[in-house]
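The data below hold one chain only, encoded as structure tokens and taken in the form predicted alone.
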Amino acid sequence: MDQFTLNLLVVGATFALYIGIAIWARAGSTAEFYAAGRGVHPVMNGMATGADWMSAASFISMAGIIAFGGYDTSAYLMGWTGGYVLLAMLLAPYLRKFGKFTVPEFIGDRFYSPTARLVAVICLIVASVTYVIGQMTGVGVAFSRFLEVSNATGLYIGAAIVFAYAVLGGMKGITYTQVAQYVVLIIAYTIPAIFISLQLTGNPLPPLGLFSNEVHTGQPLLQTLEGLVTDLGFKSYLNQSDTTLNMFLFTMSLMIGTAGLPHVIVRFFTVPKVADARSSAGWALVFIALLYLTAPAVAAMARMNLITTFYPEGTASQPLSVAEIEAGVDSHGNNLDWVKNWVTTGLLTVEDKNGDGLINYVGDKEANELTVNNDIMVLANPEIAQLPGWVIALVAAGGLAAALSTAAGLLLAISSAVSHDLIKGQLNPGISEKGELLAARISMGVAIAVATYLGLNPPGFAAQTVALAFGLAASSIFPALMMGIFSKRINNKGAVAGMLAGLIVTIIYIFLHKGWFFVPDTNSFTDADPLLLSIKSTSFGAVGALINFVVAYVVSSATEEPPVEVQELVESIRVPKGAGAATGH
């Protein structure tokens, strides 16, 4: 069976599974559409949260960024996992106890202000739309290669699949679909990693293989990779080159951004009790750790496989020739068809600039003749390593599962904000449950269309785009939630001023930093030349959060205290008993 047919069968089978689950678990009420009827078991919710969390950025792009960024990009691992500790300890149980359906609903009630709820809706939509762009980017990357269609066509197919099961099933359908997607993505990520770890180090456990000896040189794998990278003129893989300030702020942005992401928080509204919310967060960490402990090994091994493919003799003076690439096989008999396959997607470029018949892969940008998109490394790695066709097909299904699961969660968060917080909460409070459910489905359809359009022209790699979304969530939503739970003094004026200040300052910094105000037509993403000290756009969320906290405190201190009943409400949220019933108001 040829590779395309195998890809089609495996990916098609998983899609059929997702749609079947959505039909089985179709939402029949707003409670099921927004919170799955609050009847999800903590272990299943932890697994669904893992799938919701481990997006295209985690599955497709994170290892690619680490493969090319080395030590500096380890912040992705620390920030994204550390954020779950904050979420489990500081937010999830208290928000579940409050008993509402959405994050803006909590903010609106806690700060006794329709304006605060509206501002929270705006913050949620800005962060979630930015995040979903990264998922649609990942969908396009996976489809364009494995189903041999254009990037745009891949986006349209992925959007249609999400529409089919997310609009139909709501949170109830998405939850059980995400359980299936987690199983698919974790198997798809670990199986090729085990194969490749065995090939390179003889160790079947990738996290341990990363620190084992490479079979050909007898030296530690990381030491061998460091030698290859530096010999070719690339920056060190093992040493820090970014500033400590920027790495600290970037890690903080990812951590508090994680704890402030609405599509993750709402997952904890689906469990029966407060204790289940904390338990769900613990299980989610376990399921996430399975991938995150493997990712650094996948990154290092993918980079090594790429280099040794283009330097099969193991020396920088003997690169792969154009003739070998055109023939689809190198002098050692290794299959090179994967190079031509990825070149056709436009995500890998091979150009013999100096006409010497060789492809020089070097750190000097002017002399470099191989350009590799970060997002292809995990997907291409099984092909580069000459793994069996069924493994390649499995990776395709896993990448799509990761992207689609998170896209569905984000789109549900956007849909809920529009239908429940904007339409029911602001524009038409008397809307019937049937009308609200219809509005939720329509708004999700519109959100899918917008996300698809933006996914056609993303601002960067999937993980970079997602990092910007985390910065936006960190600067706007997280401080409001923290102050809403742990401070009785912050009032409605302070909360609104803080959210707007954090969001606006962060957006302005990102746009100025990216140069969009000055070069409107550019689609390139760069972290060069930070505007303030060494702080890059992806790291500014932590600064925006600090501004949010300060503005909220100053404005609240200068104005009246919150009403007594609100202060009592804040106190009751932190009392460790009772789950609180969802009101839906």
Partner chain sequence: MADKSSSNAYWKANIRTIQIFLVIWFVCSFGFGILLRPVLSGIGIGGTDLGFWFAQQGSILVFLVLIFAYAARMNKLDREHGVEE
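Residue numbers count along the first chain shown, from 1. Quick caveat: nothing in here was measured; it's all calculated off a predicted structure.
The same protein has a further form, the form predicted in complex with the partner chain, not shown here; the description that follows concerns it.
Student: Considering non-hydrogen atoms and a 4.5 Å limit, which listed residue (V391, L222, L306, V179) is close to the partner chain in the predicted bound form?
Tutor: Residue within 4.5 Å of the partner: L222.
Student: Would you mind picking the one in M301, I477, M255, A451 that has a heavy atom within 4.5 Å of the partner chain in the predicted bound form?
Tutor: Contact with the partner chain in the predicted bound form is made by M255 alone.
Student: Verify the flagged residues F4, N335 and R441 against the partner chain in the predicted bound form: is each one within 4.5 Å by a non-hydrogen atom?
Tutor: Not one of the three qualifies.
Student: Considering the partner chain in the predicted bound form, find the one stretch among 532-540, 48-56, 554-562, 62-70 with heavy atoms no farther than 4.5 Å from it.
Tutor: One stretch meets the cut-off, namely 62-70.
Student: Though only this chain appears here, would I423 touch the partner chain in the predicted bound form if you measure heavy atom gaps against 4.5 Å?
Tutor: No, I423 stays farther than 4.5 Å from the partner chain in the predicted bound form.
Student: Determine whether any heavy atom of I196 comes within 4.5 Å of a heavy atom of the partner chain in the predicted bound form, and answer yes or no.
Tutor: Judged by the heavy-atom cut-off of 4.5 Å, I196 is well away from the partner chain in the predicted bound form.
Student: Taking heavy atoms and a 4.5 Å cut-off, does Y292 contact the partner chain in the predicted bound form?
Tutor: Y292 belongs to the contact set for the partner chain.
Student: Quick one: does V149 come within 4.5 Å of the partner chain in the predicted bound form, counting heavy atoms only?
Tutor: Answer no; every heavy atom of V149 is more than 4.5 Å from the partner chain in the predicted bound form.
Student: Just to make sure I understand: among 466-485, which residues lie within 4.5 Å of the partner chain in the predicted bound form, judging by heavy atoms?
Tutor: Residue within 4.5 Å: I485 only.
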